[in-house]
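First comes one chain, alone, set out as structure tokens in the form predicted alone.
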């Protein structure tokens, strides 16, 4: 659905009854603490902090922008009531359409609401915006957590939009956490190899589709701004940054324009610690900082906050977009037999109809290159009679179809997330060796005797016809106890 800006989205959220306003919170404990606690409840509302201690009314922070079924429906436009595997497959089909459709190219405009206030030179001051301590032991206040950054590849000219956190250092310097392997890190380092600073713009608040598009792991060189246009159903109107030439949404709440400093131009600064979604603090380590040369913002700007949290209930549509992206990539891989993709606890699960010996591991090897993200720590392959989104069925397949000596495969030195506490020893962290082992669990019937499996191991569940007859015969005496549907 097209929203001209975040405010139009917020109006629709309020009409849906999913907005709460909190006044008088402080940045050191209240904003972060309230954000974490309210994230635990299913289908929780957007919380808008206003009249923040030390700031005038109108300097606001909005959290939980993407954490309910209804809010995701507003952005993605999926049919009412669509959930689970059906929702994943619906969006995977839409991604197939996007891949074969003309790009929705942004439209450049001369100006927009974001240019209502322009600050340069000595007027640049990041402290104009409220930046909370999102977690008690964070290394400092974080301003950039819910918007998106834009960079341009110096070799190809391709744009990249990504979501990277930013800790405030001083009035004109902010951190920019670019984890190894992300497109932004590759682009930044291309500039550094030339001995140059890397131009950048950072949006602190925007149309929700802009953040969601930036969070999508599209292929390297593919344009997230064009994908965002597809997502919202209309091209973005963008202003070209006066200093960098980089585009940013004309309706953004606030934008920082500057450059990531080459380590020879200014030493790296310690970024972090930061409370990560795995439930641990990521250790502080040195990162190139961003020098902000200009700030553009609307009157009464809204900063988007999306801190990582160990417990965050994303609602009835949580996680569907990433799972759909993985299904879409598998469909377009040229590998036949793909039936579905799911996430069950720590397991990425792929359902497959086997066609030849070695088929399972061929698909597994492709997935272990990383489907729209780093390789999964645990990949489970299941047959097409297993719903990859059903924890009971997936665990049953692992329990009954796996010979650990033959069907569990350990791979080493795979690209991983720096926040992983396991395996990344102090020595590996010191030399920035962010690799870990991964596991493939082949929970499929062995191909060579799959046709004999059902004869050898006949399922002991009650026959469905018998279940229906018993439910009809004994409903008057047993009620729901006997009419309950089959658990799986």
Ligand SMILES: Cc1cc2nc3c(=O)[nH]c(=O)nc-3n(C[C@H](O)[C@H](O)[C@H](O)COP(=O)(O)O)c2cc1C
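Positions refer to the first chain, counted from 1. Since we're looking at a predicted model, the values are computed, not measured.
As for the form predicted in complex with this ligand, it is not shown, yet the points below apply to it.
> Taking 4.5 Å between heavy atoms as the contact cutoff, choose which of 177, 188, 377, 359 touches this ligand in the model of the complex.
Checked against the cut-off, the match is 177.
> Exactly one residue in 272, 162, 130, 247 has a non-hydrogen atom within 4.5 Å of this ligand in the model of the complex; which is it?
Selected option: 162.
> Residue-level contact is defined here as any heavy atom of the residue lying within 4.5 Å of this ligand in the model of the complex; does residue 217 satisfy this criterion?
Yes.
> Against this ligand in the model of the complex, would residue 387 count as a contact residue? Criterion: heavy atoms within 4.5 Å.
Heavy-atom contact with this ligand at 4.5 Å: absent for residue 387.
> Evaluate residue 224 for contact with this ligand in the model of the complex, applying a 4.5 angstroms cut-off between non-hydrogen atoms, and reply yes or no.
Contact check for residue 224: yes, within 4.5 Å of this ligand in the model of the complex.
> Could you confirm whether residue 184 comes within 4.5 Å of this ligand in the model of the complex, counting heavy atoms only?
Because a heavy atom of residue 184 falls inside 4.5 Å of this ligand in the model of the complex, the answer is yes.
> If we take heavy atoms and a 4.5 Å cut-off, which stretch out of 163-171, 329-337, 77-85, 294-302 is in contact with this ligand in the model of the complex?
Looking at the partner contacts, the answer comes out as 163-171.
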